[in-house]
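Read the single chain below, which is given as C-alpha cells and is the form predicted on its own.
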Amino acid sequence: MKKKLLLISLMIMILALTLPAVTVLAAPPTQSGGQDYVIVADDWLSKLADKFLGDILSYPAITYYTNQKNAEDSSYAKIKNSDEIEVGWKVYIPSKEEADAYFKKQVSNVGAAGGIKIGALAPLSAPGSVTGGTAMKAAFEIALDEINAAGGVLGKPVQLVLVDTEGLPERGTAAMERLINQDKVVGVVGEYHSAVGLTAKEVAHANHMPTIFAETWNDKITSVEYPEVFRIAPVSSEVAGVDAHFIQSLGVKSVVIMTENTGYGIPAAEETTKRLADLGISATTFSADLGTQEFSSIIERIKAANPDLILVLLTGETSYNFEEQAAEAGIGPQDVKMICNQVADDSDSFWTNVPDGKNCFYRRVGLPRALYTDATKAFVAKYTEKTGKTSAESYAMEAYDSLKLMAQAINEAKSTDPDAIISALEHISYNGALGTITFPYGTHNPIPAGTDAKWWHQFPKPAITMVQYQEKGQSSADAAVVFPDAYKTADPILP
C-alpha cells in the first residue's frame, strides 16, 4: 500500500515538472453595458426594472433605450405604450449607469437647493411637443425668479424640479411618482399633453398631491372631481364649440379632422364632430400617432374626401409635419381652409417648419392683446426678452400662472400641508397673465345639479380667439384676430 502511494506521488511530481504552467483565470468582470432581453409570459416593464435595475420606477428607461435601438435595428420592439408589451419582443435593458443618465437628462433642478420644492411637468423631447415644452420651461423660470425675488414661499426660497414627460402617458405616471416619492415636492404644476395629464392625475390623487395643470384640455382631467386636481387651461369640449361656430361662420359644409391617437386627440375629434353635426356640418376623421413624420398616404385619402376645411388636432412638431406636407401636396392653407394647431403661435418655429403656412388659422387661448392686463404685459415683456420671440404663447402664460398660483396658495395656506393648499386654491383669487383666475366649484362649493362635472376646480373663463397669418413670415404678434366678432381685427382671408 505504501509502495502504491509512493508511486502515485512520484507520478504527480513528474507531471508537475513536465506540463506547462496553468494560469488560474479570475471570473470575467461584470458587463458595464445593458443587455438584450426577450419578453416572456407574465413580464411587465416595471417588473423588469425592479429585477435588473433595482427600481420599479425605472421602466421608462427600458422603453426609451429599446426605442432608440429600434430606430437602428428593427429586431428590437417599438414600444408605444409601456403598459402594453408582447411575449417574444426583444427589448433592451439598460445598465444602471445608462438608466441614471437617462433620468438625469430628464430632470432639472432650478432655484436654490434646500428650499421648498415644487414639481413641474413639461414635454422637452420628442415625441412630445418640444416647442410647447421649451416655451413652458422659459415661463417657469420667469415665474420662479419673481417668486424668489419676492421672498419665496413661507419665507423660504422655492426650488423647481422640472421633469421632461416626452408627451408620453407612462412618463406622466413615472414623473409624478418620482416627484412625490423621491423629490418630496409639496405641489406639482404644468404639463402640455392631455394624455400625460390623464395618468398624472391618478398619481396625484393616490398621493393626495395638490396639482395645477396648465395646458391639458381633456374634460376628464377635472370631471373626475379629484380634490387634488385643478386646471387653468380651457376644457376640450368648450374649445370644440368655439371651433364649430367659427367653422360655421366660414360657410363650410364638410370638414376633415386630422387628429392624433392620444387622450386629447380622439375625444377632441369626437366632440368636435358632434358640435359640427349640430350645426349641419359633416366631418370625417383621420388619425396618426404622436411623432408621425410621413403623412403622404393620409393626405391622398384627405384629397379624395375633398373637404371645405381641414382641422388639425395634431399637436407640437407632428402638426408642423402634416401642415407642410399637406401644403406641398396642394391641400395646404393657401389651397384649402385650414385650422392649424396652436403651436403655430410660435411664429419663428412655425415659419421654419411650415414655410407654406400663409392663411393658416389657429386657436389662441388667453386675453386678446387689446385686453392685456398689467400682469400680462409685464410677463410678455420678460418672456420676449428672455426668448427673443415677438409674443408669448398661451401655453407659456399658463405655465407661468400655474407656478405663481401654486406659490400664492402655499403662502395663503401658511403651510405645505396638502389639505391647506387645496383649501387655499379653492378660495383663491389670483391676478396673472391669463387674467383673474378663480375656481368657483369644488369641495367648498359643490357643482349644482345639472351642471357638468368638468367645471370642478376649473378656471371658467380662459378667452379663446381665432387668429390668422395673412402674410408670409408674419409675426404672431401681428396675426389678425378673425373670430369672435367682439375681438375681431380683420376679416378672414379665404383660399
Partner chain sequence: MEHAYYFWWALLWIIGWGAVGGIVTPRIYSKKDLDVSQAALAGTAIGAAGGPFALAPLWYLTPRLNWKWVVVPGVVILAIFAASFAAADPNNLCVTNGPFVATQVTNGLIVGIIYGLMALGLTLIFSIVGIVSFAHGEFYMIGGMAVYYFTVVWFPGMSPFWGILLAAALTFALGAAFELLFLRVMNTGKVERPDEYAILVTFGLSFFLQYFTLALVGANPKKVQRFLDFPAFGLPSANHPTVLKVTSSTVNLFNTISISSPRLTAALMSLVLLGLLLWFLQKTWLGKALRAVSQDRAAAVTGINPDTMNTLAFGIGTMLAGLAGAALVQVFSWVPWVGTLASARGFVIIVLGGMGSLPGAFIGGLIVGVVEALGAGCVPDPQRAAAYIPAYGMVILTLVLLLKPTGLFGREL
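Quick caveat, the model's predicted, so the values are computed rather than measured. Positions refer to the first chain, counted from 1. Under this definition, the rigid core comprises the largest set of C-alpha atoms superposing within 1.5 Å between the forms.
Another form, the form predicted together with the partner chain, is not on view; read the next lines as being about it.
Only one of the listed residues (252, 235, 288, 313) places a non-hydrogen atom within 4.5 angstroms of the partner chain in the model of the complex, and that residue is 288. Listed residues 185, 130, 375, 421 were compared with the partner chain in the model of the complex; 130 is the one with a heavy atom within 4.5 Å.
Picking from 322 to 330, 148 to 156, 227 to 235, 243 to 251 the stretch near the partner chain in the model of the complex, with a 4.5 Å limit on heavy atoms, gives 322 to 330. Heavy atoms of residue 74 never reach within 4.5 Å of the partner chain in the model of the complex, leaving it off the interface.
For the chain shown alone, residue 355 is a contact residue for the partner chain in the model of the complex, at least one non-hydrogen atom being within 4.5 angstroms.
Remark: residue 274 does not count among the residues lining the partner chain in the model of the complex, judged by a heavy atom distance of 4.5 Å or less.
Looking at residue 219, you'd find every heavy atom of it more than 4.5 angstroms from the partner chain in the model of the complex. In the model of the complex, every residue of the candidate spot (261, 298 and 304) has a heavy atom lying within 4.5 Å of the partner chain.
Residues of 468 to 488 are not found to place any heavy atom within 4.5 Å of the partner chain in the model of the complex. Once both forms are overlaid on the rigid core, the distance between the two CA positions of residue 133 between the shown form and the other one is under 2 angstroms. With a cut-off of 2 Å and the rigid core superposed, residue 369 has a Cα displacement that falls short of the cut-off between the shown form and the other one. Residue 317: CA moves 2 Å or more between the shown form and the other one after rigid-core fitting.
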